[in-house]
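Just one chain follows, in the form predicted on its own, and it is written as structure tokens.
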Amino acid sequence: MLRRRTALVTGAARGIGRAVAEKLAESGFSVAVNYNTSEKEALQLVEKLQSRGINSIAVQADVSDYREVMRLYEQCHAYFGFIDTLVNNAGICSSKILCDCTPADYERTLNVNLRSVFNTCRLFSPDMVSEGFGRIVNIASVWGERGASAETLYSTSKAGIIGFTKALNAELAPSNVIVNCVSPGFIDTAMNASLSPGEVEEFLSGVSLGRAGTAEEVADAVELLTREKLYIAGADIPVNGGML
């Protein structure tokens, strides 16, 4: 039995990442809150968690940059020691038809959404292997499973996360380091706030529950995959309200 649990959540200042950080804190984790530009929100979250007696820090890093993730690792290691749980949530959305996408769009979307997962897993997983315990949860997307018009780059990056998850789990699971991913569908977050009511209605017409999901419902699935006793490995868990 582990005496403590400590999680790093990337992109944790807002949306799904924030809900995950709060859920894990409620479950007894110490939490490192990673952010890139949303400093105010990250510090407010840490203050909230600390007021509840949760050991928490905010750590700025652009997780698409390997050198910055090295610094993130060093800061987390210095403060907490062993990070046994990693939740890769940081991501951006790119909504353009392919012929309007530039090479810069490709680089940014793939770097933020997929390379960041490589960066953090590459640096944090060796400690998990050495300790004989670890949980990694990557946030993918329903569009990584199905693909979406005008979301080619985003869909590609999220499909990459799903493949990365399955391969890395095959590599690490024998060391009791279990890797899974969660694929949200339409979630009520700022990322979808720009959609028109008509676009929302059209999307939800293909969801059997007939409503958007919440960040907290995604966080519930993530928390399940961080548990110490776990027989789910290399899985892609849909949190999509039963998309038809």
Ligand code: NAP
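Just so it is clear, the model here is predicted, and its values are computed rather than measured. Note that residue numbering begins at 1 and tracks the sequence as displayed.
One more form of this protein should be noted, the form predicted together with the named molecule, which is absent from this view; the next part is about it.
The partner is not drawn, yet in the model of the complex one stretch among 86-94, 99-107, 170-178, 125-133 has residues with heavy atoms inside 4.5 Å of the named molecule: 86-94.
Contact check for Phe29: every heavy atom lies farther than 4.5 Å from the named molecule in the model of the complex. Shown alone here, Phe80 lies farther than 4.5 Å from the named molecule in the model of the complex, counting heavy atoms only. Although the partner is absent here, Ala12 is a contact residue: one of its heavy atoms lies within 4.5 angstroms of the named molecule in the model of the complex.
Among residues of the shown chain, Ala58 is not one whose heavy atoms approach the named molecule to within 4.5 Å in the model of the complex.
Applying a 4.5 Å heavy atom cutoff to the named molecule in the model of the complex picks out Asn34, Tyr35, Asn36, Thr37, Ser38 from 18-51, in order along the sequence.
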